[in-house]
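Have a look below at one chain only, the form predicted alone, in structure tokens format.
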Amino acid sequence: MNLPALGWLPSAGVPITPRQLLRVLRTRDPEGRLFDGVAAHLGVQRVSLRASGRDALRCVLASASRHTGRDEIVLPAYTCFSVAAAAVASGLRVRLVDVTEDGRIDRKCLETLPLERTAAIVVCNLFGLAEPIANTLSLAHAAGVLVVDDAAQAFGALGVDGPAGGRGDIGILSFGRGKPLSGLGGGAIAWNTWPAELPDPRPAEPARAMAALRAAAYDVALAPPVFHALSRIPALGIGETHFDVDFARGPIDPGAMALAAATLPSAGVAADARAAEALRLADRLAPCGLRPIMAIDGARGVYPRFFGLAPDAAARDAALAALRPIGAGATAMYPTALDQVPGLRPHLCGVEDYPGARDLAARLLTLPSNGGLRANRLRKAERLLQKTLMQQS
């Protein structure tokens, strides 16, 4: 079978189901439904819906700075470029902390940072996993620093210390494309008590018809033949990672609000399906030399993608090159550690070496957890990974 003729698998995202589309049209109070659902899941009393996860984080970091009178933010040295863009858009300087092999903040490195000018530390819960946060909270609070529990990739993930997004001083969510709770846009701030004012702009009336049309177009775009064609249009930038501080600000788009409210009731079922797929891929691909990044015992991940570590950078790059022609949806995730992002460098302070972040950026390989990697394509991916990873290691 000629796999490229079947198209390329998207690296993330699942179609909006007909039942969810009906909910878009029938839900009378999507703002209230979204507020109540997020609040109940995270165990918080207050939720503010924003234009995006980036804008939500920007508001929180600016508020933390006003309250503490400090002008620095600590970010993990490997994370989404949008996190760093939100910090710069808030007007603050960025101090990086190295990460472990699994993308968590390295506690030993965090303990060495000067925190006198730090307003907040952002815990990013990479890979759909709830990063243990208790030690970070203890260290931060002792220094008068606030902790942001960023669950943009991890809504629905449960750690040993609670749900991602609900364990810090304040939580951040994103409802963007490919996120565990997707409205194809939008984001939220979630909290119980916060020591400063946060803007809470009111969204416009829900645009149900527009949300349904947007969801239908998204479903079409996820079809492998269509996705393949779209991926070949350079102007669309599909799969590219950019550092961009010029993002929309203000209330959530009404269409995104309606769609996120409609997908919320089935978010848990979808997360369970992705987790089962990630476990299946882990069993199949670990013998090929790809070390899966999975939830620790007692925790639950939501796995927007399957994440694995190649033995080294050369093996990872060889694997990506081999997988691309069969359209397996393999990606390298974020291409570099944050200290290597040109647009961020003028805003960094105390720049050091970040070997953990650079190693993670060089070795990480992701595959779809949306169920598309099956049958002949999966068998070919296994053979290619076995060949490239074992040869290079």
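Numbering starts at 1 and runs along the sequence shown. This structure is a prediction, so every number in the text was calculated from the model and none was measured.
The protein also exists as the form predicted together with a small molecule; that form is not presented, and the subsequent description refers to it.
**Student:** Does any part of Ala157 reach within 4.5 Å of the small molecule in the model of the complex? Heavy atoms only, please.
**Tutor:** Outside the cut-off, so no.
**Student:** Does Gly186 make contact with the small molecule in the model of the complex, using a 4.5 Å heavy atom cut-off?
**Tutor:** Heavy-atom contact with the small molecule at 4.5 Å: present for Gly186.
**Student:** Flag Ala212 as yes or no: does it have a non-hydrogen atom within 4.5 angstroms of any non-hydrogen atom of the small molecule in the model of the complex?
**Tutor:** Residue-level check for Ala212: no, no contact with the small molecule.
**Student:** Looking in the model of the complex, any heavy atom of Val83 within 4.5 Å of the small molecule?
**Tutor:** Output for Val83 is yes: heavy atoms within 4.5 Å of the small molecule.
**Student:** Using a 4.5 Å heavy atom cut-off, which of 199 to 207, 87 to 95, 212 to 220, 144 to 152 contacts the small molecule in the model of the complex?
**Tutor:** The contacting stretch here is 144 to 152.
**Student:** Taking the small molecule in the model of the complex as the reference, which of Cys124, Ala315, Val74, Ala271 has a non-hydrogen atom within 4.5 Å?
**Tutor:** Exactly one listed residue reaches within 4.5 Å, namely Cys124.
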